[in-house]
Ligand SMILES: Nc1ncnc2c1ncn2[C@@H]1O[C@H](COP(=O)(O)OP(=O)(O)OP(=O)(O)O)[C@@H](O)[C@H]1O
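Starting off, we have a lone chain in the form predicted on its own, written out as structure tokens.
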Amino acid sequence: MQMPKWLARLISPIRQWVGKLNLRRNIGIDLGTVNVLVYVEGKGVVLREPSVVAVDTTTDQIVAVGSGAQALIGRAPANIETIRPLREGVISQYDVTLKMLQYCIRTACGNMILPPRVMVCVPSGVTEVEERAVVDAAREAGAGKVYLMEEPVAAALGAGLDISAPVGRMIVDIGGGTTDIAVISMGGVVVSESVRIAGDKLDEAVMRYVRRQYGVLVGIQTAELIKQRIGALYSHKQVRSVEVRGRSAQTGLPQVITLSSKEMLEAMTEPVSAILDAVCSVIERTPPELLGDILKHGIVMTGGGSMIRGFDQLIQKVTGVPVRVADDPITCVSRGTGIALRGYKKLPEGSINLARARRDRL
């Protein structure tokens, strides 16, 4: 039954007023293995927290989330367990991930009249079961409508690339749990590969190297600090060094050693080689028509792993393709989700899960 014209004229200004209230917020979430970043439309990245949750095992209660939980790693009593609920880019502990998402959404949005519209990034190689777990967790955490987007597509948007044109763009997103490599054209992924080797594996490689070369045990946080301060993957003249405190594997007593940036290439050879193999594999499978575009525009690197000194030079040497690191590479994925969600109805098919978008549309 058609609405009477007089009633439509009466309701129209009310609808416009309600629309201006912006009762529903659009937020994008980069649900990473190491960090969770939340982008709120109109505000930018408002939250960046470690993907860590502290749980009291005696009461099964959440003690702290994010930076508060990370500060307890290795320092908490026996009844406090620090958990990373995401492993290699996917949910490994559903209930803990749910609590973390609730904290992130509540912190980013505050009190809302309507639940937010949320877009969550997932690795390009995620399975349907893993995909469903992310959607269910986001809904239970308070999201009204949930959309998924592949991380390399979001990273390309966040890096400022025009992915809607029929031009090949190549992105290498090195996160904490996964490295996603993709060639994108007309808003969709043409060729991609997701390997569960990224920042965490680089940290573990540093830990193994220190134990093998010096007989000293260091924790994962110390290894990450070493990587951030002196990590280098290409020959360089300016040598950096860092003093490392650990425990002797032989005596069990504290020991101090000094590591140099020259040692880092050897330390991280194994995981870096796997990432390089994945990059080369994607290039080999790219249609010839798009290879010319990639040679012209180059490869763009995003994610925390791209900030390791010389990583871009190493990829360029191996592939022969120009490589550059995006501005503010750590936030590219979260900013890309915000850009996509703001104009999700206009994005070409393949850039988000349109089937779910249509089903969830108001």
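Small disclaimer: the values here were computed from a predicted structure and weren't measured. All residue numbers are counted from 1 along the displayed sequence.
Although it is not shown, the form predicted together with the ligand is what the next lines describe.
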Closest heavy atom of I174 to the ligand in the predicted bound form, within 4.5 Å or not?
yes
Hey, in the predicted bound form, is A54 touching the ligand, heavy atoms inside 4.5 Å?
no
Decide whether G66 counts as a contact residue for the ligand in the predicted bound form under a heavy atom distance cut-off of 4.5 Å.
no
So, A326 and the ligand: in the predicted bound form, are they within 4.5 Å at any heavy atom pair?
no
In the predicted bound form, the one of E81, E224, E131, E263 near the ligand [non-hydrogen atom within 4.5 angstroms]
E224
Pick from P271, G187, P116, G199: which has a non-hydrogen atom within 4.5 Å of the ligand in the predicted bound form?
G199
Looking at heavy atoms inside 4.5 Å, which stretch does the ligand contact in the predicted bound form, given the options 317 to 325, 38 to 46, 58 to 66, 298 to 306?
298 to 306
Residues of stretch 62 to 96 in contact with the ligand in the predicted bound form (4.5 Å, non-hydrogen atom):
G89
